[in-house]
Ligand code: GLU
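For reference, the chain that follows is the form predicted alone, supplied as structure tokens.
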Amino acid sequence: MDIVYMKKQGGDCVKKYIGILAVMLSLGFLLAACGDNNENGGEDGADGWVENVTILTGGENGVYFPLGVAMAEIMDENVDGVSATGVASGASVVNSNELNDGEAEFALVQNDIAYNAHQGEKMFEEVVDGFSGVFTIYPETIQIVTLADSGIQTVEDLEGKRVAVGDVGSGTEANAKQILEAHDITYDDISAEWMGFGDASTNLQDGNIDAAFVTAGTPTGSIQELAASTDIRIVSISSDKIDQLEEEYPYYTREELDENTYENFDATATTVAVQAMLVVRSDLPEDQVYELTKSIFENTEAMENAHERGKDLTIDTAQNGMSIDLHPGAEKYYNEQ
């Protein structure tokens, strides 16, 4: 009896072990399937949603940074299942490459840089098109800043001078090259210095450079700080050169700065501008981009509080200067308005 009982008990144990093993295998397949669902859409959200969203901005002294941080806070507070962060970066060209490589989910870029990336031209050696448009926000003015007593009156006067041309690979540097080339000036004709807005402002104040290219919405924080302590000049671009730039680069538009743009700036300046825009990784799910886009337009007051240029974001102008295809999620949102 005991032997028979032990054999029967042993058989039950085997059955139990087999049952447990089957359950574990089923769970394993289920987890693997869930992992496959997230592989193309992001980290750990349902239906491929990316939970940890990064927005690449620009230098901390520019306009991109406060606006990008504000957008991240809006997403974080108003969209369930999303934790968003705005981070400082090297701006447009760097942002385009990093977004294309999957290093972030959103980024602020200039419309000209986005266009060049998708074409694989100018500063891009190959097509960089892993991102789509969400909306344009405001004109970014190319400002050639110098001290009022520098003697620099025209772009041609930059020859032989120490000139900050922006961070390496930034949209500012791209604009600097194009404007200099329109005046038959190359880096060989100047002493080029690569630095962001904040460093350029400090170096202008200290006399380490003579002028700086700054592409940003006005008023730009770093220039405001400089103008608060010394008289400045924004160098104008002549009308014929603006016509030339607009013909060669259709994303440029003429921009006028008046005497109220900055403190200790008692003149006017004529220059060109591009558009600041928000772009998103193309492989983000349509419904996630829809919800994130919606959250921003329903909370624009946070953008306005972050920077004066936040007031420029409206549904009516969101596609002005859009130089690349919209993400389907953003397009869906606009079609419903």
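Residue indices: 1-based, along the sequence shown. What you see is a predicted model, and the numbers here were worked out from it, not measured in a lab.
Only in words, not in the display: the form predicted together with the named molecule, which the text now covers.
With the named molecule left out of view, the stretch that reaches within 4.5 Å of it through heavy atoms in the predicted bound form is, among 298-306, 265-273, 285-293, 53-61, 53-61.
For residue 201, no non-hydrogen atom is located within 4.5 Å of the named molecule in the predicted bound form, even though that partner is not displayed. Proximity of residue 216 to the named molecule in the predicted bound form: non-hydrogen atoms within 4.5 Å are present.
In the predicted bound form, at least one heavy atom of residue 91 sits within 4.5 Å of a heavy atom of the named molecule. Contact annotation: residue 96 falls outside 4.5 Å of the named molecule in the predicted bound form, judged by heavy atom distances. Residues are counted as partner-facing when one of their heavy atoms sits within 4.5 Å of the named molecule in the predicted bound form; in 102-133 only 110 qualifies.
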